[in-house]
Each structure stands twice: as C-alpha cells, then as structure tokens.
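Only one chain is included here, represented as structure tokens and corresponding to the form predicted on its own.
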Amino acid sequence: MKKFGALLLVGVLAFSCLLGGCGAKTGGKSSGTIKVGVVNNPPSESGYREANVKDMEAVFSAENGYDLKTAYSLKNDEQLQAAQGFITEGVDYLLISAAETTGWDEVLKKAQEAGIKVYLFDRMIDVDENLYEAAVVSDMAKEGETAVNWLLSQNLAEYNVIHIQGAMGSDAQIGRTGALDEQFAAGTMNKVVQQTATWDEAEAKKIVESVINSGEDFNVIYAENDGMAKGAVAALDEAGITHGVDGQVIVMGFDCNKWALRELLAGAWNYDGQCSPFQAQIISDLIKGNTTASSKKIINEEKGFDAKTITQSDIDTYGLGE
C-alpha cells in the first residue's frame, strides 16, 4: 500500500510539472521568461530618450526571452511608486533611469530583500553601490568638462553665457552644469542667466526671449540638450540675431540627434556633446551571463562635435533618430 501511495505521489508531481508548476529554478526564479521592470523618463522628453526607450523595447523583447514592463515619468515620486509596483509584481530585474539622484534608498533595499536585482542605466543615483548590480551610464561630468573645454578653446574676448539647464537634480543636469559653474565661480565666464527649461524646447525659447527683451548682452547659449538648443535658436531667429559659425552667438547642445548634427554641418550651431542612449544590450548580456562587469560603473565612451570639423560620416555614425 505504501508503494502504491508513493507511485501515486510521483504521478501527481509529474502531472503538475507538465502543467508548468515545476519549472527549473535559477537563483530562486523560473528559468523561463525573464521578467524585467523598466523605470524610465518618457520618450517625449527628447530625441535621446526616444532612442533610449526604443533600444530598451527592442532588446528586452519577448523574442529575446523577456517579459518587459515599463513605467515612464519625469517626476521622481511617480518613478518611485512605479518601482515599488514592479517589486510587488515580482519582477526578476529592475532597471532604473532616475529623474533625480536622491530618494531611492528604501525602494532599492526592498528590491534587494525581495531578491530582485537592480541595474541603473543612463544616470547614476546616490545610493550604496551594494544595492545595485551595475550602472551602465554616461559620464555626465565629463560631458560637461568636454563641452566647457571646447568653449574655452574658442578664445573669446569675453564669455556672456545663457545657461539653459535640464531637469534639476537629474544626473545629466548636475554633470553638464558642474564644469560651467566652475567657470562662473572663477570669473572666466559671465552668467547672464542660469535657468531650467526641464528639457523643454518651448520653455528654452521663452528664457532666451526674456534675455533678448531685457537688452542684456550675450554671446553663448549653453543648452543641456538639443531640444532646448533648438528652442533657443528659434528665439534668436525671430529677433534677427545670427548664430553658429561666424555668427553673433555660439550655440551648444547635447545628445547628438541627427537633426542637431545637421545644424552643425550647416554651420548654424557650433557644438554638440554626445550622450549614448544604448545601454540595453550591455545589461541584457550581464543578465544572461554573456559577459561580466569589471566594475560597478560601466561608462559609455563619448565625444563632442565641432561645426568646423564635423562630417556627414559623423552624422551617419553617431547621430540619433532620422
């Protein structure tokens, strides 16, 4: 009778496994579809972000063995709520591009307690590095330093700068602001205005219009993304102020959208700083064990482009979008 009972138990277990209840486990999780929750900024933020979102969706697709869940917001509190929701749902991995650098400690601790591995992408956040597996990011401070060093190399008689910032508190804003703030503090450049447009083209246009209407002199626009540079240039055009190579105003942007690099090639802008949006494949390779991280921070190699030296080949190779 005991032997019959044992055989019956084996049969029940085998049947339940056929129904999918006994999948092989890896680290306590099913070895089947990998559940990934991505907390990101919305694609409408910029051309960079649109490319970043598309890259994430392409790599973490069902065809590649993933069950992708996404949440988009420019507000840190909404991103935190979304991350908590993914933890509650029981994702295997949580990927974060944070709107702000602070406020993430508790959520990441909860993820760790739940056995969910965290990867940061695009932007760093201020947490203990033990709370995440790796960060695949741009060196935003280096982007700012590269841009400011280029500006200094122009050897202007004076630097009167309109500084249009991105979303305050974001890693991109902090990094791209830092090197310019050092010049303001040293007195090598004059801060005409320093104001956030929160990555928005229309808001950037309003900032420049306000300076133009005030009659204050300026000869540099340092905009922390291409969209805001575009808005700034629209204000210059409406006021009949020349810009770009041999113009009255130097125009600087970041992200290297193809349309922005074409402005450089045409001589209408002067400089654009590269910011690579392609982190998804690196993270996927780490998740699947195809590669290992040599350090917690994996930096995308980037450069800056000058209107006087940029080529169509540069646009084809490094430009984002169409």
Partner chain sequence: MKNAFKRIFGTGLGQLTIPIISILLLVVFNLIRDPSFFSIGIMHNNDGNIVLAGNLISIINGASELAVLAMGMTLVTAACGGQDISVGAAAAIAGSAFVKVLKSAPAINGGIVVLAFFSACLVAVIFASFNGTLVAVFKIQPMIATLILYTCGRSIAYWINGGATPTVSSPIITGIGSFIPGIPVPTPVIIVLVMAVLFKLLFHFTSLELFTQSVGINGSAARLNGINSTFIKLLSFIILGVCVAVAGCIGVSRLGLINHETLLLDVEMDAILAVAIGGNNLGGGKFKIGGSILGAYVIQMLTITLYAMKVSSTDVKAYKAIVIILLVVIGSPVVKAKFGKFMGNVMKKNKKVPVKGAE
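Computed from a predicted structure; not experimentally measured. Numbering follows the first chain given and starts at 1. Rigid core here is just the name for the largest C-alpha set that superposes within 1.5 Å across the two forms.
This next part talks about the form predicted together with the partner chain, which is not shown.
- In the predicted bound form, G47 approaches the partner chain with a heavy atom inside 4.5 Å.
- Using a 4.5 angstroms limit between non-hydrogen atoms, A114 is distant from the partner chain in the predicted bound form.
- At least one heavy atom of E322 is located within 4.5 Å of the partner chain in the predicted bound form.
- The closest non-hydrogen atom of L80 lies beyond 4.5 Å of the partner chain in the predicted bound form.
- Partner contacts here mean any heavy atom within 4.5 Å of the partner chain in the predicted bound form, and among 114-122, 94-102, 188-196, 175-183 they occur only in 188-196.
- Out of the listed residues D126, E89, E106, D237, D237 is the one that sits within 4.5 Å of the partner chain in the predicted bound form by at least one heavy atom.
- Of the candidates L156, A71, A202, V245, A202 is the one whose heavy atoms come within 4.5 Å of the partner chain in the predicted bound form; the others do not.
- Annotation for 201-215: interface residues with the partner chain in the predicted bound form are E201, A202, E203, K205, K206, I207, E209, S210, N213 [heavy atom within 4.5 Å].
- K54: CA moves 2 Å or more between this form and the one not shown after rigid-core fitting.
- Figure legend: C-alpha atoms of S313 and K54, shown here, are separated by at least 3 angstroms less in the predicted bound form.
- Cα-Cα spacing of P42 to A229 is enlarged in the predicted bound form versus the present form (difference of at least 3 Å).
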